[in-house]
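Given next, in structure tokens, is a single chain: the form predicted alone.
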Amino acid sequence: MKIYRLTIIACLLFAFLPAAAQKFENLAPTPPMGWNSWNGFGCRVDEKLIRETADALVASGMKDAGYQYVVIDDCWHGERDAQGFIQPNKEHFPSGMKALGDYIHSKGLKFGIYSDVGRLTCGGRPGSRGHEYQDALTYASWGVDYLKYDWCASEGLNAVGAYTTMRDALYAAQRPVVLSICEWGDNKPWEWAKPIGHLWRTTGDITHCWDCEENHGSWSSLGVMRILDKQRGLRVHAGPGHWNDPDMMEVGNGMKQNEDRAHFSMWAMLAAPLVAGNDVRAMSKETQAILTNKDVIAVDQDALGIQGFPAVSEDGLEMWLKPLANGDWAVCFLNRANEAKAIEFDWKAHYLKDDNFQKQLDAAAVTYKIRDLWTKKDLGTTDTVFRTSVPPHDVAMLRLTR
């Protein structure tokens, strides 16, 4: 009887969907933080992994640092039942998704899941095309808080229409859900997705290298620096409740420690969603320290919600700025080169301006205190010249406080 009741409700949702359907507001005032299974595990997902990951997020201090969402990516799916409702893979998720969601919630975390606009997901499992309202209702019954919605098998679909349909379905199901638009930037979602989703992918998939491209035939995955370069010009579209998403992080997945540190720092400067993709159950102390650096996380989670930008670039060394609340600034010197770079920066000699958001860093008029966010040392003020050396593929990240 329960299945038939759900079918009737789904039909009613189609017939009587409110004209004022919209995305759920106030769910992502700062960039979402969490963990996703794809980068570390691909299709090798089961309920044991997810339960152990939830436990590890708590035990490692990641939950206390702000990570909330536990997102099961592709390949959790079984088949649809006779009425068209999606079921989890019974072999890998024998307890069912409701029980798994309850377990995640019992840890003080939130439950995320994955689907696709097409009839098939990227992993060849059942997608949501033609079943959007049924799937939204099912997710609500499971206690889902976050939906990553992919773009595979999307031939013939209009991106705005496809993502709006799922937004409306989630709204009709009446459970607030963060909608993560994973459309790879193909149709410039930054221009249209603000009223539809809470975050949108700006590029194709990331991979765990500093600066490379892995060709997969019909598509390529990109290294951290190549993903970073594709964010230029997009910052004007991001802000509280609607974020550019340069993809999930690769921290702890095989790059060098300094590269992981730079990767994490730049995602914070971008006000990017901080979604870990490593095996948090077995991560090194160094990886744990990077992912739980609360000073760097505070830059990402700053209430002002302004994305950073490169203000100065010379010979592989970039100086990035990010305006923060209360007149503070985050400053990140990124060394993209293969050799160390010496820095000698006279704050008073440089008037730095954010033309997009009308913010100024004028150290000749205002003296700022300087704190190094990785060494956790106070470095005096902007009244003196800042001198340091940044190793290759690394950063010096500072917070300037009035």
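So that there is no doubt, residue numbering starts at 1 and follows the sequence shown. Computed from a prediction, not measured in an experiment: that's the story for all the values here.
Omitted from view is the form predicted in complex with a small molecule, to which the following refers.
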Problem - Any non-hydrogen atom of W38 within 4.5 angstroms of the small molecule in the model of the complex - result: yes
Practice task
Report yes if any heavy atom of M283 sits within 4.5 Å of a heavy atom of the small molecule in the model of the complex; otherwise report no.
Solution key: no
Exercise for the section: Please run the contact check for L222 against the small molecule in the model of the complex: heavy atoms, 4.5 angstroms, yes or no? Expected result: no
Problem - Residue contact check: P310 to the small molecule in the model of the complex, 4.5 Å heavy atom - result: no
Fill in the blank from the handout: Partner-free chain; cross-checking the small molecule in the model of the complex, the single residue of A140, M255, C122, L317 with a heavy atom within 4.5 Å is C122
Completion exercise
In this chain shown alone, the residue from D302, D205, D211, D328 with a heavy atom within 4.5 Å of the small molecule in the model of the complex is D205
Practice task
Using a 4.5 Å heavy atom cut-off, indicate which stretch of 318-326, 190-198, 114-122, 256-264 touches the small molecule in the model of the complex.
Solution key: 114-122
Handout entry: Full three-residue contact with the small molecule in the model of the complex, heavy atom 4.5 Å, for K23, D145 and A169
Key = no
